[in-house]
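Before any questions on binding or motion, here is one chain by itself as structure tokens, the form predicted alone.
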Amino acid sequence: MVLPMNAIPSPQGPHVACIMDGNGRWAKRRGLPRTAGHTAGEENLAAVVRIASARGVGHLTVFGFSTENWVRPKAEVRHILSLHKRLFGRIEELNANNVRINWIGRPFDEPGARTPSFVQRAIRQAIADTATNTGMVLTVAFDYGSRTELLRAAQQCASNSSSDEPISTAAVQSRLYSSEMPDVDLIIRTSGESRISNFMLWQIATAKVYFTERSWPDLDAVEFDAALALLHT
């Protein structure tokens, strides 16, 4: 099933999306295992959530785990999965910051979905435990790929329309994983990479893009503010 956001109105403020890249390279530069970089990245995500909330960001969407990431070494994948369970378990901190959790990705009950049951439970619990918060919406893209999302939306449109009825943009929009999510205003990509990597291709059509050499664990308030400044240029 697709987990819907509740009926609380969408918060005001820009929609910022982050491609959290460079955890492994951050660790390598310090002579640490890649898993240490992912741990540092999860800790910094908690810090960025606090920063974004304080800056009046309405929606913060982060690329947690892609449909392509399953090919990584099994030990690394297990570690990343455990970190996501911990992320979704930060309920006290999320509630203290009035942050509401959302999730996008391959629906758990559809063919091809690979989200483990323990991560599914953590996602469901986090959504339920933060459902009444009225501040920033934190959306985690897990087992997510934009091409998969768009193909699914197109297939659903085709199966629900007559052969001579054109498929509209509104019809595709209504079948995205989280159709009520506003378009992205700003996308941030860390670690010196200047590509989008199959992330929210529909939602970022008019977004400004901020590339930084800093790895995700080093993204701080100064850099985040520099990215936000793009919205005023």
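Note that the structure is a prediction, hence the values are computed from the model and not measured. Position 1 is the first residue in the sequence shown; the rest follow in order.
Absent from the display: the form predicted in complex with ligand FPP. The rest refers to it.
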**OP:** Look at the candidate spot formed by 20, 69 and 83 and say whether ligand FPP comes within 4.5 Å of a heavy atom in all three of them in the predicted complex.
**Re:** yes
**OP:** Using a 4.5 Å heavy atom cut-off, indicate which stretch of 171 to 179, 47 to 55, 200 to 208, 60 to 68 touches ligand FPP in the predicted complex.
**Re:** 60 to 68
Original post:
Is residue 25 one of the residues lying within 4.5 Å of ligand FPP in the predicted complex, judged by heavy atom distances?
Top reply: yes
Original post:
Would residue 76 count as touching ligand FPP in the predicted complex under a 4.5 Å heavy atom rule?
Top reply: yes
Original post:
Is residue 99 one of the residues lying within 4.5 Å of ligand FPP in the predicted complex, judged by heavy atom distances?
Top reply: no
**OP:** Indicate whether residue 87 is a 4.5 Å heavy atom neighbour of ligand FPP in the predicted complex.
**Re:** yes
Original post:
Which residue among 153, 140, 119, 126 has a heavy atom within 4.5 angstroms of ligand FPP in the predicted complex?
Top reply: 140
Original post:
Which residues from 27 to 44 come close to ligand FPP in the predicted complex, meaning a heavy atom within 4.5 Å?
Top reply: 34, 38, 41, 42
